[in-house]
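First, one chain by itself: the form predicted on its own, in C-alpha cells.
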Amino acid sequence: MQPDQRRAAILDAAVEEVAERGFARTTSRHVAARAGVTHGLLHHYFPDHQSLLAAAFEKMALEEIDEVNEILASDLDPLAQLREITEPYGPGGGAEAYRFWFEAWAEAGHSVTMRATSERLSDAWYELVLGVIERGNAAGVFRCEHPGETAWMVIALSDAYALHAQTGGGVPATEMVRVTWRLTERELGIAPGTLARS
C-alpha cells in the first residue's frame, strides 16, 4: 500500500474497533491487529494512542458532517433544513454517531489531543446550524435576534436529549423533538407548530 492508503486502512480499523469496544477499551494493539500491521508501523502514522483515537473520532464526525451537508443541500428551504437537524438524532449516523461523540467527550476530559479535536468538530457543527439560521433570517423566514446563541441552544438541546436517550433516561424521542421544536420556534420568531408542519 501507499502511505496514504495504509494510514486510511489503519483509521478504518480504528473506527471499527471503537464501534465495537468503545474508546476506553480500544487499544493500539487491537487496531494494529485489525488493520494487519505491526504495532510499530501503526505508531509510524500515529505517534501515540490519543492521536489515533482522535483521528478515528474526526474521521467519523467529518463523514457525518459531510452527509448532513449533502442532505441540507438537497432542500434549500431553511425550515426543512432546520427540521432535519433537530429531529431525533438528526441526519447521519443516528444513535451510533451520538455514542461516538459522547465517548469522545468523555475522553476529552483526559486528553489534550481529543479535546482539541472535539472543539474543532463542535465548531463545525455550530457553523452548520448557524448557517441555516442566518439563511432563514436573510430569506425572511426567521426573525432570530441572536443567531449565534440560538445555534448553540439548538445543539445543546439536541445533545442533552440524545444523552438521556443513550443512557436510558426514559425521554421518548417524540417528547424530545417536541420540546426542542417549541423552544427553537420561540427563538426564531416563528409560529408554534411550524417546524412540525414543515
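Note that this is a predicted model, so its numbers are computed, not measured. Numbering starts at 1 and follows the sequence shown. Rigid core: the largest C-alpha set superposing within 1.5 Å between the two forms.
The same protein also has a form predicted together with another copy of the chain, omitted here; what follows describes it.
> Though only this chain appears here, would Gly140 touch another copy of the chain in the model of the complex if you measure heavy atom gaps against 4.5 Å?
Replying inline: Output for Gly140 is no: heavy atoms all beyond 4.5 Å of another copy of the chain.
>> Residue-level question: is Tyr161 within 4.5 Å of another copy of the chain in the model of the complex, judged on heavy atoms?
In response: Tyr161: yes, in contact with another copy of the chain in the model of the complex.
> Looking in the model of the complex, any heavy atom of Ala9 within 4.5 Å of another copy of the chain?
Replying inline: So Ala9 does not count as contacting another copy of the chain.
>> Please determine whether Asp48 contacts another copy of the chain in the model of the complex, using a 4.5 Å cut-off between heavy atoms.
In response: Output for Asp48 is no: heavy atoms all beyond 4.5 Å of another copy of the chain.
> Taking another copy of the chain in the model of the complex, which residues of 133-167 have any heavy atom within 4.5 Å of it?
Replying inline: Contacting residues: His146, Gly148, Glu149, Trp152, Met153, Ile155, Ala156, Leu157, Asp159, Ala160, Tyr161, Leu163, His164, Gln166, Thr167.
> Quick one: core overlaid, is Thr27 moving 2 Å or more at the Cα between this form and the one not shown?
Replying inline: It does, since the Thr27 C-alpha is displaced 2 Å or more between this form and the one not shown after the core fit.
>> Core superposed first: is there a CA shift of 2 Å or greater at Gln50 between this form and the one not shown?
In response: Yes, Gln50 moves 2 Å or more.
>> Does Val15 shift between this form and the one not shown by 2 angstroms or more at the C-alpha, the core having been superposed?
In response: Val15 C-alpha, core-superposed: shift of 2 Å or more.
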